[in-house]
Every structure is written in structure tokens, then in C-alpha cells.
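Only one chain is shown below, in C-alpha cells, and it's the form predicted on its own.
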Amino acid sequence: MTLSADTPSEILSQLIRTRRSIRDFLPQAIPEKLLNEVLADANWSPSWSNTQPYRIAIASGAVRAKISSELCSLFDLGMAAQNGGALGKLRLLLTRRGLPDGDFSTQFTYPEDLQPKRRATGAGLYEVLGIGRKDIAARDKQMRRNFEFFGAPTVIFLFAHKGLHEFSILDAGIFLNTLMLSAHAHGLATCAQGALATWASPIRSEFKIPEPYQLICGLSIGYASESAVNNFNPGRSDANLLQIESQK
């Protein structure tokens, strides 16, 4: 990425406004030195009393491939159960193979006031991908791409310390945003994925995660391909900047 800005504020604004969630990566590996530079930037994220209540696990190569394979298998089992009607769901409950085992549930109903933005973003993304509203098979296939890390050579799993409750989640989010902006500044692309917290067992089997830490999300990172999906920009609403009215 070439920056056209000059001043620090202009550079930061350009980085913030041009970062995108990338959903198709090149298989090109990230140089270790480059990844370490990005992580060093993220390490300076602010946190509650400087407790830094988060940890990361980085998977590349064979470990990444193994985790992806296991996650895809679990996803396939879950989809088979969902599409198999009552019998399929009963089989899932009896075998428990494919049931989500994450530390947080990723399956919930969105609040009604947030649904319009969610639906608009989903509709725009599927339009770029050429996936029809009723094409369930294509939608499932695209969802499965989450667990293939969209082809990224590296995935970073983010864990938050449960001892600080919601505040460790807040700090982890700040860390994640700092990491994504630094990656963008260094010519790398990212996609933060809540779906990667659906199943924690494949990740925990590969890494020694300290007991107080809970898997909150994953981050695919690498080099963006030329796919049209990477140009998708859902925009932002100025309504988010409106201040809550005073009661007085």
C-alpha cells in the first residue's frame, strides 16, 4: 500500500479509512521479521491498569493446516445436522460431535435495532460474490471459508483473561484493532473472525492455553489477492456519531 498522506494525522486517517476485512488471501507466507514488527506495534495497545489481559496463539504451516481441517470437519458435521432435520439434530445431540465447544457462544439472535446494518452488509457481500439470496449451498460454502481462513497462510487466535470480565474483552478489542492497523501499514491484510471462536477444542489441542484465558476470536492475516470480494466496502453510518441525548 502506498500512502498519499504527509502528516501523522493524515496518515492515520488514511490507514483507518482504507483498512478492509479481506476474504481472499494469497498463499504467500509472511516473513517472520515482518510479522514480529506488527506484533511489536500491537503490544503497545492500552489496557486496564496496563494488565494486558490477553494472549495470542499463532498458527502457520502444518499447525494451521491441521486446525483448519478440524474446524472444517466440525462445520460440515454441524451443517449436516442442521440440514438433516429433526433426525440430524438428534444425532448431533447424541454424538455431540460438531456441537460448538467455544468459550463464548457465536450463535445468537441479533438485537432488532442492529439487524438492518447486519442485513445490508450481508446482502452487499453476497452481491459481490454473486451468491443469490436463496442459494443456501453457496452461502454455506462461503461460510465454510471462514474455517479455511480465507486462504491466509497465518491465523492468530486471541484469548482474553476471564478475571477482568468485560474489561478484558474491551482491552483485547483495542489490541486487535491496533494489530490490524499496523498490519495494514506494513502491507499486510487481515480479517477478524468471530466465527473462529465457535469451536475451541482444535486450537486448545495445539497450544498450551493458560486456564484463565478464553478464546474470543481469530484473525486471518497475509497478503490480499486480486479477488473482487476484497474491494467490498460496506461503509459507515454517520448516525453512529450522534450523541445520546441528555435527560435534562
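We number the residues from 1 along the sequence you see. Because the structure is predicted, anything quoted here is derived from the model rather than measured.
FYI, the form predicted together with a small molecule isn't displayed, but the following is about it.
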| property | result |
| --- | --- |
| Listed residue (191, 203, 59, 42) with a non-hydrogen atom within 4.5 angstroms of the small molecule in the model of the complex | 191 |
| Heavy atom within 4.5 Å of the small molecule in the model of the complex - the one residue of 82, 121, 178, 73 that qualifies | 121 |
| Three-residue site 20, 146 and 234 fully in contact with the small molecule in the model of the complex at 4.5 Å by heavy atom | yes |
| Stretch in contact in the model of the complex with the small molecule, which is absent here, among 45-53, 193-201, 62-70, 26-34 (heavy atoms within 4.5 Å) | 193-201 |
| Partner contact for residue 38 in the model of the complex: the small molecule, 4.5 angstroms, heavy atom | no |
| Partner contact for residue 215 in the model of the complex: the small molecule, 4.5 angstroms, heavy atom | no |
